[in-house]
Ligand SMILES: Nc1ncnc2c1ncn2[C@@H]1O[C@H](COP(=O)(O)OP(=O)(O)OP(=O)(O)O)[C@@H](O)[C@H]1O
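Let's start with one chain on its own, the form predicted alone, as structure tokens.
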Amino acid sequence: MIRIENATKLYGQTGADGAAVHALNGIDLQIGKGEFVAIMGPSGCGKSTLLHVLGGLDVLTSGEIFLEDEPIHRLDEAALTELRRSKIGFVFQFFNLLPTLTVEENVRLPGLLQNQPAGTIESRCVELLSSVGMEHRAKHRLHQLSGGEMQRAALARALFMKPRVLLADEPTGNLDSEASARVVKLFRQVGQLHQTTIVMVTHSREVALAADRIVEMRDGRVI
């Protein structure tokens, strides 16, 4: 599903000595269809940068990234936007839900952006909220939810377009252990049910152990 070859990402003139910093330093990695991979390593090792270039949110300095043999590194911004909308779902540590909207309105957003029929949007929203156990919170706003509930709503929104790949950046970072376990269990269920490929950045060894494979990073490299 994902193939990364000699991926390098440089940030210029940001080191203590004024030299360029290697956020990614020649990474090679393959991730199979339906595989659940956890990426671990100390802060600043390049975990989130790797996730961002996988999702087309940032671009490589050099190297190649393929998603189902599509060369992400060669796509222009319009093509990357379409890729993110149609094939990639994102779940972030701070949820990135819109506080002025209800849970169901947040979940519907991807369908509205793609101009899907109202009936299709509504049925998909109901299906997803039920799948993450949030149907009873559909009309609630964010200030009425716990952190775990907000992350489940964010997961439902990320799955709206039936993405082939789900990218999660510290999805349990703001949750207690019970809520974390519930969210990770949902990730596994999603991957197994839909053969969704999941790449999750986490600092938690306990959370990472729920994945099929753990990839360790240090200093911009996979070790």
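Computed from a predicted model, the values in this text were never measured in an experiment. Position 1 is the first residue in the sequence shown; the rest follow in order.
This next part talks about the form predicted together with the named molecule, which is not shown.
- Heavy atoms within 4.5 Å of the named molecule in the predicted bound form are found in one stretch of 39-47, 61-69, 151-159, 173-181, which is 39-47.
- Although the partner is absent from this view, residue 21 contacts the named molecule in the predicted bound form, with a non-hydrogen atom inside 4.5 angstroms.
- Residue 203 belongs to the set of residues with a heavy atom inside 4.5 Å of the named molecule in the predicted bound form.
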